[in-house]
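In structure tokens, one chain follows: the form predicted alone.
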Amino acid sequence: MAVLKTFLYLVVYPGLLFLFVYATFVEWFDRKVYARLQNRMGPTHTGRAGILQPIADFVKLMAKEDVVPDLADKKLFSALPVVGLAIVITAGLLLPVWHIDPAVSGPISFPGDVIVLLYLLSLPTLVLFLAGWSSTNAFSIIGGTRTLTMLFGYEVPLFLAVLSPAVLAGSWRLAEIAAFYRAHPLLILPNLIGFGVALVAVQAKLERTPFDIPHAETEIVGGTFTEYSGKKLAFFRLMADIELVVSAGLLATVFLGGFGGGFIFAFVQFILKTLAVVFLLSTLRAVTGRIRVDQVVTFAWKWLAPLAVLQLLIVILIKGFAL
């Protein structure tokens, strides 16, 4: 039974199969919300209300010619899409979605898993930088450099914002953090500043408007992805979709009480809470315009970092004097 449970966890839910299906659905949801906020329709034709459009796009890219530039580092250029996809899938397995035991949410659950998850979510940025650099295209190199530059802006605020709820919960284990806030729902309120900081930082991590500078089509063609096509581009797009799901799942776990109350109820909560986070990210994407890369770093250190420190201070005071 333990072997079967582990197999289902790794392959079916929340493993590869579920992450692929749900990530494509979240892409459709994001595109529909973004379009409606701009008075457009979004995907409409492939499947009911265009729900199968992301899968159709993935299949179409998989069938396209896979071109590798002559001057590129061919081994690195070809390996990076697979490496990036493997990283975000591994990160998805750490989300505490199985709550049979509040302290043990699945085969991959251990003290400090919140740190590991944050670390894994940092690696795709390095993958994108290396992807741009290895292609040797000028536009790709600029895009990759912008990706790495933004990392120095949003990463520290994101870590501080996400770890503040862990400090208040007194645990570095995702399942225990979520269980703490389900038992003390009022303590979610002091973390609202951190939630706002984390939301903006995740938007920057995912390179979504207004932080889409690394692949600004009007400036550098396609940025990091200028030379990518076919299967490799399909893997990168799937990586971005799964990273969106995992990031939304992380915020829902540490700020919104996670997913508990039995397997079915936990699954429903996971869907609803992650979609709520994606809705907020889509809204932020729709109401803002692209800014410069130097403005990203300035904004992160002038506003996000101080707010994240303030959040941490609030949490320390509550833990020291009220708990």
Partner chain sequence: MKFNIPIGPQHPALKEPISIRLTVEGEVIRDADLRLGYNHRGLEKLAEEKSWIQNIYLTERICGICSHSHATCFVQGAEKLLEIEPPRRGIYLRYLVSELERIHSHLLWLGVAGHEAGFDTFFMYTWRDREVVMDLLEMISGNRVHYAINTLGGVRRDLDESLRKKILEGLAVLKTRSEYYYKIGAMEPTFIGRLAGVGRLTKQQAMDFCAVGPMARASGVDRDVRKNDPHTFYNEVEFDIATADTCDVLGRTVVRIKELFESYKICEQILHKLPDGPVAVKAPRKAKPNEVVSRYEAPRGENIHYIVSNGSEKPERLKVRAPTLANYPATVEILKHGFIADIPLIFAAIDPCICCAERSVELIDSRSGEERTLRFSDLRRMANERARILPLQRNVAWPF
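Just so it is clear, the structure is predicted and the values come from calculations on it, not from any experiment. Positions refer to the first chain, counted from 1.
Although not depicted, the form predicted in complex with the partner chain is the subject of the following passage.
Contact annotation: the partner chain lies within 4.5 Å of heavy atoms from the stretch 207-215 in the predicted bound form, the single such stretch among 245-253, 207-215, 81-89, 114-122. Looking at residue 61, you'd find every heavy atom of it more than 4.5 angstroms from the partner chain in the predicted bound form.
Using a 4.5 angstroms limit between non-hydrogen atoms, residue 66 is distant from the partner chain in the predicted bound form.
Contact annotation: residue 295 falls within 4.5 Å of the partner chain in the predicted bound form, judged by heavy atom distances.
Residue contact check for residue 291: one or more of its heavy atoms lie within 4.5 Å of the partner chain in the predicted bound form. Of the listed positions (268, 49, 286, 276), a single one reaches within 4.5 angstroms of the partner chain by any non-hydrogen atom in the predicted bound form, namely 286. For the options 138, 183, 71, 192, the residue carrying a heavy atom within 4.5 angstroms of the partner chain in the predicted bound form is 138. Each of 34, 37 and 142 is positioned with at least one heavy atom within 4.5 Å of the partner chain in the predicted bound form. Looking at 215-229, the residues that come within 4.5 Å of the partner chain in the predicted bound form, counting any heavy atom, are 217, 218, 219, 220, 221.
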